[in-house]
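Given as structure tokens, the chain that follows is alone and in the form predicted on its own.
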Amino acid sequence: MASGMTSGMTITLAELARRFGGDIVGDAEQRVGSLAPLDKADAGQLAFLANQKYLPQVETTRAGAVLISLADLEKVAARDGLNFIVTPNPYAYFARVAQAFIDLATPAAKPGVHPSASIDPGAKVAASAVIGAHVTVEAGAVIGERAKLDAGVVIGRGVKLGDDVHLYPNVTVYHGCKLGARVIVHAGAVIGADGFGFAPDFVGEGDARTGSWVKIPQVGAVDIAEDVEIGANTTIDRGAMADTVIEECVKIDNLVQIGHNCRIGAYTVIAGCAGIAGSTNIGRHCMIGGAVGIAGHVTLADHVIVTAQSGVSKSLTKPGMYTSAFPAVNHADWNKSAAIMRNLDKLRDRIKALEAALDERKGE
């Protein structure tokens, strides 16, 4: 923390600039203690401009200061009495400052193990870690420095958690999985459950069919690199033989399913309710929209964007934006379109017949 940044205190613009960069225009000693929108901020608050449509609000805001880009600052005609921190990316700057303000308001957790926690004697827990109520840590697990395990977390045997990992309540990490430094996993997420692997062993057809599904042992694990964040109730399956791998700085939303042996490239983001089948490789810096479904054994190149509710059934080998979802329309219009789609094969046949007839006439 910068000097003076203690709980309940404000911070000067100069201190913010020293910590996060940026150039100050106006009073560097102006103090702010929280963030607010341009139209609601007061003199003790910091606002930001990241969308052009809110530019007129800059001239009328009562905020103590505004985070703004140089290009947008040059468009502000009435600057009297206003303070600015000029930065190339005001939105990212806002996010970093917001984290600092949360730190100001959050009491520091005291290291130690809650009396109700169950820690196997064969586990190694850093003295600086914070172990909450009813946490279970099994044999061979290693808990890094300043790690925080909230109530009800279960850590399987041989799990390794890096420094500054934070697991929210009721997270379960199965045996043998690894989480790198500063990984955040939100409540109810499950890391390392068995992948969905079953071999068919049936004979016969129809009602005479007999046999069953034979479970394939899932002996891999999940390897999560540093600075990954995983949303609530998300599940990441362990590999069948090799590990499921999540590379550094991947951000995964709530209710996402990642199948066994997938690899998610660094800096990729995945929105809520996406489902990724096993053995899929997703590149770096990809964006996967909400409720996207990706089939197994496909590859997405780096810098691929898949829009919400799209289905991906084959590899996408070139960067770019891909869409297969049908946008919402009036119900009656959809019924008309659906009726046309049901008859596309017939329309195709009619077009082919017309083309053949035209070719015959041209040949006469």
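All residue numbers refer to positions in the sequence shown, first residue = 1. Heads up, when I say rigid core I mean the largest set of C-alphas that superpose within 1.5 Å between the two forms. Note that the coordinates shown come from a computational prediction; the quantities given were computed from them, not determined experimentally.
Just so you know, the form predicted in complex with another copy of the chain exists too; it's not on screen, but the next bit is about it.
A.B. asks: Among the candidate residues 124, 251, 75, 146, which is the single one with a non-hydrogen atom no more than 4.5 Å from another copy of the chain in the predicted complex?
C.D. replies: Exactly one residue meets the criterion: 251.
A.B. asks: Exactly one of 57, 309, 69, 299 has a non-hydrogen atom within 4.5 Å of another copy of the chain in the predicted complex; which residue is it?
C.D. replies: Checking each option against another copy of the chain in the predicted complex, the one that comes within 4.5 Å is 309.
A.B. asks: Can any non-hydrogen atom of residue 80 be found within 4.5 angstroms of another copy of the chain in the predicted complex?
C.D. replies: No.
A.B. asks: Indicate whether residue 28 is a 4.5 Å heavy atom neighbour of another copy of the chain in the predicted complex.
C.D. replies: It does not: once another copy of the chain is placed as it appears in the predicted complex, residue 28 has no heavy atom within 4.5 Å of it.
A.B. asks: Evaluate residue 321 for contact with another copy of the chain in the predicted complex, applying a 4.5 angstroms cut-off between non-hydrogen atoms, and reply yes or no.
C.D. replies: Heavy-atom contact with another copy of the chain at 4.5 Å: present for residue 321.
A.B. asks: Does the 4.5 Å heavy atom contact test between residue 186 and another copy of the chain in the predicted complex come out positive?
C.D. replies: Looking in the predicted complex, residue contacts with another copy of the chain include residue 186, since a heavy atom lies within 4.5 Å.
A.B. asks: Going through 208-223 from first to last, which residues have a non-hydrogen atom within 4.5 Å of another copy of the chain in the predicted complex?
C.D. replies: Heavy-atom contacts within 4.5 Å come from 209, 211, 212, 213, 214, 215, 216, 217, 219.
A.B. asks: Fitting the rigid core first, would the Cα of residue 122 be found 2 Å or more away between the shown form and the other one?
C.D. replies: No: residue 122 shifts by under 2 Å between the shown form and the other one.
A.B. asks: Residue 70: with the rigid core matched between the shown form and the other one, does its Cα shift 2 Å or more?
C.D. replies: It does not, since the residue 70 C-alpha is displaced less than 2 Å between the shown form and the other one after the core fit.
A.B. asks: Quick check: residue 204 between the shown form and the other one - does its CA shift reach 2 Å or more after fitting the rigid core?
C.D. replies: Result for residue 204: yes, a 2 Å-plus shift.
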